[in-house]
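This document starts with one chain, in the form predicted on its own, laid out as C-alpha cells.
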C-alpha cells in the first residue's frame, strides 16, 4: 500500500468516512476532523509508517508539519520517510 492510500485510510477512519470520500484537496476541517481526531490520526500515521512527525498538538500552527490539506500531509510523510532512509 502506498503512502497516499494509507493516509486516506487512516484519515477516513478518523472522520468516519469511506477512503473514497477523502481527496488530496480535502482539509481536515472539510472532513470534520477535530483536534482530538487530528492527534489520533498523527499517532496512527506514525505507527503505520514507523516515523516521528514533528507535530505539537498544543501549538499546531508552530509545528514543522503542514496539516493544511491531505496533500500536504501526504507530502510531509513522504519527506519524513525519505529522510529516515538516508
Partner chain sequence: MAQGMKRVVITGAGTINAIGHNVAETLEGFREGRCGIGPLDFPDVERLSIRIGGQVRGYDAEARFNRQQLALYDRFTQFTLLAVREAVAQSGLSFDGELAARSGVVLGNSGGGMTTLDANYRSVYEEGKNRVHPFVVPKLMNNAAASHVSMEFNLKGPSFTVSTACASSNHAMSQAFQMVHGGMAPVMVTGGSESMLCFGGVKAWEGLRVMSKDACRPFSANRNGMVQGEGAAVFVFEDYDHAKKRGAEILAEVVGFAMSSDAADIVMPSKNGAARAIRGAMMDARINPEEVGYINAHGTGTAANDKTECAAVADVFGAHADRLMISSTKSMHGHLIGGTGAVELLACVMALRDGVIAPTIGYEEPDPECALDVVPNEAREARVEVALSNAFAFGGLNAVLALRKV
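Positions refer to the first chain, counted from 1. All figures in this text were calculated on a predicted structure; none of them were measured in a lab.
Form predicted in complex with its partner chain: not shown, discussed below.
*Asks:* Is residue 30 one of the residues lying within 4.5 Å of its partner chain in the predicted bound form, judged by heavy atom distances?
*Replies:* No, residue 30 stays farther than 4.5 Å from its partner chain in the predicted bound form.
*Asks:* Residue-level question: is residue 36 within 4.5 Å of its partner chain in the predicted bound form, judged on heavy atoms?
*Replies:* It does: once its partner chain is placed as it appears in the predicted bound form, residue 36 has a heavy atom within 4.5 Å of it.
*Asks:* Hey, in the predicted bound form, is residue 78 touching its partner chain, heavy atoms inside 4.5 Å?
*Replies:* Answer no; every heavy atom of residue 78 is more than 4.5 Å from its partner chain in the predicted bound form.
*Asks:* Considering non-hydrogen atoms and a 4.5 Å limit, does its partner chain approach residue 59 in the predicted bound form?
*Replies:* Close contact is absent here: in the predicted bound form, residue 59 is far from its partner chain, nothing within 4.5 Å, heavy atoms only.
*Asks:* Going by its partner chain in the predicted bound form, which residues of 1-30 come within 4.5 Å of it through any heavy atom?
*Replies:* Residues within 4.5 Å: 13, 14, 16.
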